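The chain below stands alone and is given as structure tokens, in the form predicted alone.
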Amino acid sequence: MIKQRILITGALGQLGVSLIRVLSKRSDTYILATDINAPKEEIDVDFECVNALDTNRLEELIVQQKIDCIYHLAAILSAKGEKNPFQSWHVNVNSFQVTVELAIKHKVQRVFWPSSIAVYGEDKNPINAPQQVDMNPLTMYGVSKLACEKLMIYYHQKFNLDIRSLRLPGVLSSDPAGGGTTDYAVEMVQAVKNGKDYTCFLAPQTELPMIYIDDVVIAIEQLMESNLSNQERAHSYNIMGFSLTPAMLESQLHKMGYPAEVHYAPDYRQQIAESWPRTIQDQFARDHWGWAPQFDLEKSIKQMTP
């Protein structure tokens, strides 16, 4: 018997692909994946090409498929967002509004939406940045994510919407990245694994918090299944696995037997990275629902280079 019926927007991105791999193995779960583009490879769940801003079509699908849980992942990431900030705001904030409005209207039981460490600004807490602090993001991606964090709290308080969130650092995975400032890590591993030199768009000592994709999926599962109080639901929880610089990643790859050279040519993404914290506190997640990472840097790379 199907106990949960899930809609995923932006399902073909780095996070969506990994979530589908895990959630599709549940015999009691139906999944409808949506994205603005068609999948290049066959996926194991039902799929519809839908723009996350298309209120009418999404509403039809929610009603037809009796959706009771939404994972809203559609977004324009930090680096792409700076090239077209107006589009970034439109997609990131308005698609969030569409999802929330439909969830409230059709009494969807639970919503997941990912935020980002981009909500922090360079003037605040670069080391061990706390869960709750004044934030002054310097990118449109960060501004849009912070706006939606505030909206998330508002809709929870006004409509009792059960919407849950993680504030994600850079994500390492074997799947292609999608226009973020921490994409260098995925790109470097893939290039060096294939014996190719890599030119990194960040300076070698640029430290940022990172996490392996399997830890993200585990965290999402734990968060969505936890019996949280009303107060605990209204957070976008910090999580991280380890801090990383491009030089540290290069060194680890060399230790593991990948000799390809890494060159450095910082571009506009360097300024974005410097506005983010180097490490973040995730004690709220540990206290509220038992979060703990399972992957360090070496274990992450081993998973990416089988």
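The first residue of the sequence shown is number 1, and the count goes up from there. Given the structure is predicted, the values throughout are model-derived calculations rather than measurements.
The following text describes the form predicted together with a small molecule, which does not appear among the structures shown.
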Quick check on this chain: which one of I117, I163, A103, V216 has a heavy atom within 4.5 Å of the small molecule in the model of the complex? I117
Quick check on this chain: which one of T182, T99, S144, S236 has a heavy atom within 4.5 Å of the small molecule in the model of the complex? T182
If we define contact as a non-hydrogen atom of the residue within 4.5 angstroms of the partner, is L168 a contact of the small molecule in the model of the complex? yes
Heavy atom of A191 within 4.5 Å of the small molecule in the model of the complex: no
V108 versus the small molecule, in the model of the complex: is there a non-hydrogen atom within 4.5 Å? no
Does the small molecule get within 4.5 angstroms of any non-hydrogen atom of L77 in the model of the complex? yes
Location of the small molecule contact in the model of the complex, chosen stretch of 87-95, 222-230, 109-117, 152-160 [non-hydrogen atom, 4.5 Å]: 109-117
